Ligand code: PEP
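The chain below stands alone and is given in structure tokens; this is the form predicted alone.
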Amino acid sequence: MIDLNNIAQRPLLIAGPCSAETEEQVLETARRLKNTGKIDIFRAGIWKPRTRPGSFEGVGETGLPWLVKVKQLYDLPVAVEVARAEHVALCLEHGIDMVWIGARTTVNPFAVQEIADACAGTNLPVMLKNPINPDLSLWLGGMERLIKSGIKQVAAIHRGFSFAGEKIYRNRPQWQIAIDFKTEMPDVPMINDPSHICGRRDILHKVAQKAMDLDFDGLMIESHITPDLAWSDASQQITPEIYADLIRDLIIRDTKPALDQRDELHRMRKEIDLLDDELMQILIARMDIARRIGLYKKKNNLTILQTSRWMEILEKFKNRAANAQLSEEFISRMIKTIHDESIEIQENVMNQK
């Protein structure tokens, strides 16, 4: 039996099809995944909350006995997504080992509380995906509801966030939000879902590796015997054999450095601490100048935003980023954040009576 409070070997590996389609498909996927030797929990979608009606919304209760057979034939714990209290009741009735709450459900605190209440007093482990939008408080709040309901085993699932105009990922990872969650709740295991982050097969390994490098506790990856013929999310699923290759190719790094490594890391971190102090002093000085500029603009009745000046600054930093082998996206985010704070300060100054 899986114990989310004591994951014996990192990473915890959860795999299976996006959707349970037929009994034969479920059992064959489970058999081939079991043969890889690289699976801890078998997952399959039974109820599929879809964005628009008319899409395949899962086989429903019909698929639960198929998962019971997976347990019996292949000795694998099984997990499904739940969106209502009645789903939980059916899972308990059929002996499902674990459930997760999907991103579309996490956005609704009433739905999360309903599921939490349905799980209260049971030994059913519950995993909570991040909400669709990048709202850390909503994710933390959902987890707090589960814990306060007395659920003993919980985990968070990072599946990325919807972002308008995203070109690479199906859901932008926004790793910092997952890191912030881990910071707020360090005792809650964090599972990465590269399938929903990527939405495509070719970058699954890259995202899974980054999750391991960030000390995530596990992976949830969608696997199907004939991915191109899958009834849902075909482009992000992989065969059990390709899944096995992906897992084998992962580099699992040490989470605890040796004594001599700790000394060297401590020395380098002290260097970073000194530079961080300098950065803070520079930011304080920069914002002090922003206040003085705000006073000058107020006195001379000038607009806060000088577009040509801002474009000049942004282009300058982008060029410097390229020359210094820094990510243009990172530099743009950084300077835009500093610029936004500068505008906020100037606005406060100009609005003072």
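These numbers were taken from a predicted model, which means no experiment stands behind them. Sequential numbering from 1, following the sequence displayed.
One more form of this protein, predicted together with this ligand, exists but is not displayed; see below.
J.: Can all three of 13, 38 and 205 be found with a heavy atom no more than 4.5 Å from this ligand in the model of the complex?
T.: No: no residue has a heavy atom within 4.5 Å of the partner.
J.: With this ligand left out of view, choose which of 99, 177, 154, 103 has a non-hydrogen atom within 4.5 angstroms of it in the model of the complex.
T.: Only one listed residue qualifies here, and that residue is 103.
J.: Only one of these stretches, 238-246, 103-111, 89-97, 273-281, has heavy atoms within 4.5 Å of this ligand in the model of the complex; which one is it?
T.: Single hit among the candidates: 103-111.
J.: Considering non-hydrogen atoms and a 4.5 Å limit, does this ligand approach residue 224 in the model of the complex?
T.: Although this ligand is absent here, residue 224 would stay clear of it in the model of the complex, with no heavy atoms inside 4.5 Å.
J.: Heavy atoms within 4.5 Å of this ligand in the model of the complex: does residue 18 have any?
T.: Although this ligand is absent here, residue 18 would touch it in the model of the complex, with heavy atoms inside 4.5 Å.
J.: From first to last in sequence, which residues of 147-175 have any non-hydrogen atom within 4.5 angstroms of this ligand in the model of the complex?
T.: The stretch touches the partner through 159 alone.
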